[in-house]
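Below you will find one chain, with nothing else, as structure tokens; this is the form predicted alone, and questions on how it binds or moves follow later.
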């Protein structure tokens, strides 16, 4: 059994001295670093702060649906889904008859799934706008209900005041 004493927690990092008591000096903390703009390296890869969905070609993946701005997402996703189902059935067939030749089918399935994932990711901005519209509409509805409730309570209060005044005048 060790006779030496050991701290249960390590000491705080040295930069804690940069901060003093917030209640006595709210400006004691150093300002936070400025946000990163442009590209930056992280874990050996270069990332960018731009919110742009890279194309499938940029990712080295073959695009299975037509290129262009006028894509019918529903039609293309349904088509890719049918292809996926067909390729999964073919994979099951290959695994039964020729198990050593399954790799090509798995690659095809992976390609279809990546295309479906890219199509769904390209719908994210539309989903965000629709969600924001829904949130704002529900906030407007709640505020209108609150205003109506305040008006109703004000009318009740005025009615009670009038009744009280009448009762006091009649006495």
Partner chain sequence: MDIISQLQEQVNTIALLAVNAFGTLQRDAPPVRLSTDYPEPAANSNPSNPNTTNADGNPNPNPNPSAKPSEEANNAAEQPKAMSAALVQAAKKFDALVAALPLSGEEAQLQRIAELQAENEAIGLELQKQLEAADLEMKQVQELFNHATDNCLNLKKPD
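Positions refer to the first chain, counted from 1. What you see is a predicted model; the values in this text were computed from it and never measured.
Only in words, not in the display: the form predicted in complex with its partner chain, which the text now covers.
Enquirer: Would residue 91 show up as a contact with its partner chain in the predicted bound form if we use heavy atoms at 4.5 Å?
Expert: So residue 91 counts as contacting its partner chain.
Enquirer: Applying a 4.5 Å heavy atom distance criterion, does residue 137 contact its partner chain in the predicted bound form?
Expert: Result yes; residue 137 sits at the interface with its partner chain in the predicted bound form.
Enquirer: Should residue 116 be counted as a contact of its partner chain in the predicted bound form, where contact means heavy atoms within 4.5 Å?
Expert: Residue-level check for residue 116: yes, a contact with its partner chain.
Enquirer: Just to confirm, residue 104 within 4.5 Å of its partner chain in the predicted bound form by heavy atoms?
Expert: No.
Enquirer: Taking its partner chain in the predicted bound form as the reference, which of 36, 52, 132, 42 has a non-hydrogen atom within 4.5 Å?
Expert: Only one listed residue qualifies here, and that residue is 132.
Enquirer: Can you say which of 44-52, 117-125, 60-68, 28-36 gets within 4.5 Å of its partner chain in the predicted bound form, counting heavy atoms only?
Expert: Heavy-atom contact with the partner occurs in 117-125.
Enquirer: Any residue of 19-39 with a heavy atom within 4.5 Å of its partner chain in the predicted bound form counts; write them all down in order.
Expert: The stretch 19-39, when checked against its partner chain in the predicted bound form, contributes no residue at the 4.5 Å heavy-atom cut-off.
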